[in-house]
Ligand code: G3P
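Read the single chain below, which is given as structure tokens and is the form predicted on its own.
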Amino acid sequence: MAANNITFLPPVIAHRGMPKAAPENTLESFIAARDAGVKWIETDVKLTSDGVPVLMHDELLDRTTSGHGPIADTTWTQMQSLDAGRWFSPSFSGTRVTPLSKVLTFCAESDIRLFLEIKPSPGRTQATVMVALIEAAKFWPESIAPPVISSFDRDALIIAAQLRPDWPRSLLMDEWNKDWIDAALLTQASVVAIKDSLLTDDRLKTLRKTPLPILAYTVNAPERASELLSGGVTAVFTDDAQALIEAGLEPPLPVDPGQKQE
């Protein structure tokens, strides 16, 4: 999918749902983000030991569930018995780990676009991409725009491009690499998402000249989000979607091809 076919209105992407309101990467968090008015959410996918794609960010269960140890060593049956909400608040006790299938169905039914971040455990890149995309194709209606497949792992994006060349991809950057344009071309990325702290004024001026939409993560202050959007960033990932939606953020104005850029 061409980059210019991906629109961000409002220019806010709910990072792992709305983790200031509900446990991250759970259906409850995605519902809170939808109710805040977002049109995009982002989530992370990993595989259980028996190959079930689940929405988890960390390598270990410890921070966001009642379990312990690597996700890659835990079966789906074992994971279903874990509490994924009490760590956040007693009011969320009994919340379960969310399988990928549930967020796919939720997004499709709620008219929400999805950033699906591939976060493979060590040695499981190919398996994670293949299983996640097969699952996504199974539950995502062909009649609506597909998820954006994102990753820091370039190999994951290359595999995704081979499996589903028609689905857009997002290259994630947590450090500044001068070869990022080459990496975007290599992975056939439709957008590039860059860590907020890397986006200096000088870099923003350079990025404005590139044809790909540039996204920033993770931006929680409305003032910083407005500054980035004014500087040419297309949209921002945030943990506090409600605050940014209420701020009435506007997307950047399109650049006139005949106008000289700074």
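For clarity, every value in this text was computed on a predicted model and none was experimentally measured. Position 1 is the first residue in the sequence shown; the rest follow in order.
The same protein also exists as the form predicted in complex with ligand G3P; that form is not shown, yet it is the one meant from here on.
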Inset, instruction - Please run the contact check for Phe152 against ligand G3P in the predicted bound form: heavy atoms, 4.5 angstroms, yes or no? - result: yes
Legend entry - Contact of Phe30 with ligand G3P in the predicted bound form (heavy atom, 4.5 Å): no
Inset, instruction - Indicate whether Phe237 is a 4.5 Å heavy atom neighbour of ligand G3P in the predicted bound form. - result: yes
Inset, instruction - Verify the contact flag for Leu172: yes if a non-hydrogen atom of it lies within 4.5 Å of a non-hydrogen atom of ligand G3P in the predicted bound form, no if not. - result: yes
Inset, instruction - Name the stretch: of 196-204, 226-234, 39-47, 64-72, exactly one has residues whose heavy atoms fall within 4.5 Å of ligand G3P in the predicted bound form. - result: 39-47
Legend entry - ligand G3P in the predicted bound form - contacting residues of 51-68, heavy atom within 4.5 Å: His57
